[in-house]
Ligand code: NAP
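Listed next as structure tokens is one chain, alone, in the form predicted on its own.
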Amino acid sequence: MRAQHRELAEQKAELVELRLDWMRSRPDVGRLLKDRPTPVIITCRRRQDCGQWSGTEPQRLALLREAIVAGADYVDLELDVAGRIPRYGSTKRIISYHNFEETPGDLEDIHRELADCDPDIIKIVTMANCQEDNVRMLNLVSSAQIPTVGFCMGEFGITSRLLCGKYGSPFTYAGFSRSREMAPGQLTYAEVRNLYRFNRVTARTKVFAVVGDPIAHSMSPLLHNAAFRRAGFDGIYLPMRIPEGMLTETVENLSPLDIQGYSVTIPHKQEALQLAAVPDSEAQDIGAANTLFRQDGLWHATNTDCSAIEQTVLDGLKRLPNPDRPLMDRRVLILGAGGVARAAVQAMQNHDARVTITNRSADRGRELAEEMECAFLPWENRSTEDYEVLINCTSVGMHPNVDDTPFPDYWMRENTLVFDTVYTPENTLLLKQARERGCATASGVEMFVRQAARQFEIFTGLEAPREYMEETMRRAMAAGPR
């Protein structure tokens, strides 16, 4: 524990919690505190509070008292035991409440109880079961008269974990590493400090997010936060999980957080278009939006996937034997019928290409083909199509199912362009086999960076550092799954 404490200090941590309940035997508190490289919080959590303490309750309280006598900077005391451990010396008291099931409706009453226990800092942490729980928690933090560390746990709670500082929380909590996650949804110290720059977030910091379900795999926070840092823009970009069909209601309920823009991914792209008061013509033509942004008090919608796909295909055609031949009248086979497929159809039709859609769900594929006025081919017959450009807009081949492909290699034709919109991994099985068959290829990374760069420009009004964004993404992918 001392070695890891020094390591965190070298990484510029300013306050470190020492979880005594995670130690195998009774710790030597004096040794832990001697020559400590940063201020510390001493915490020893009971199993009933989702801790690891296996001793008796009197032993646990004695350990906390020992830490106070030894001069710990802070000691964490649960609401029900705070009255049994009086203030002593210079040690500051964090009086805490945890709820691992929900964010209860009586947060203000709980906060008043905590305030009656002689705290220097109040800590109130609950489980978020929807994004709206974060709003209630952050409102509490903002209005508190006593410094309050308040946020929610779980995947839904990441919003308040990262924004609590903006609303007045003196700090947030992060794990030493992925293997040391102390609570559901806890991020690592490196993520909180380096990726999200928590220590630089202020009341003036502008907030953006990517919304989808699932969302944990998204690399959008990495790209946008890196671009904000590179450009010197005071913003933070969060991942937000929102269940299907809940986008409009959730965006409305999150309005107190004054979020300036959303990147929109599966399954919300069509609902995003309906939500917007001012959708642009491109989003309307596609029938889906991947970008929402506030302007003049209204939500505007656009689709940056379309131009990203268009440019990626045009660049890919330069790798074919006849690079000067335009996209007009080239035969394009599109796999899938979701939001990305919609954008791909529109991008190809912008150049008068001859588009055919095929999809695993025939009804959905046929419906999109009719709406976009292009041809439809049953999934089982996709090998019969004569194409010059193949675009995969399905999730087949995405991590962790990296051994899957939507189009077997023995169906591929030489001297065609194969473009896979999947970007994790970049080198999908589809692209590997396409190169072996003598095809030109284009990866999802090329498209993903292009659409993100355009969103960055919409959100900030600044020119996107596209090359830096691409370098950032490739470095992260080379480092392996997060």
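Residue numbers run from 1 along the displayed sequence. This is a predicted model, so every value here is computed, not measured. Between two forms, the rigid core is the largest collection of C-alphas that superpose within 1.5 Å.
One more form of this protein, predicted in complex with the named molecule, exists but is not displayed; see below.
The contact residue chosen from Met246, Ile266, Ala183, Val81 relative to the named molecule in the predicted bound form is Ile266, the criterion being a non-hydrogen atom within 4.5 angstroms. This chain is drawn without the named molecule; in the predicted bound form, the residue among Gly336, Pro221, Pro279, Gly261 with a heavy atom within 4.5 Å of it is Gly336. Listed stretches are 201-209, 393-401, 144-152, 164-172; the contact stretch with the named molecule in the predicted bound form is 393-401, by a heavy atom cutoff of 4.5 Å. For Trp53, no non-hydrogen atom is located within 4.5 Å of the named molecule in the predicted bound form, even though that partner is not displayed. At the 4.5 Å threshold, heavy atoms of Arg331 stay clear of the named molecule in the predicted bound form, well away from it. Remark: Trp379 counts among the residues lining the named molecule in the predicted bound form, judged by a heavy atom distance of 4.5 Å or less.
In the predicted bound form, the named molecule stays beyond 4.5 Å of every heavy atom belonging to Lys92.
Applying a 4.5 Å heavy atom cutoff to the named molecule in the predicted bound form picks out Asn359, Arg360, Ser361, Arg364 from 352-378, in order along the sequence.
Once both forms are overlaid on the rigid core, the distance between the two CA positions of Thr172 between the shown form and the other one is under 2 angstroms. Comparing the forms between the shown form and the other one, the C-alpha position of Met240 differs by less than 2 angstroms, with the core used for superposition.
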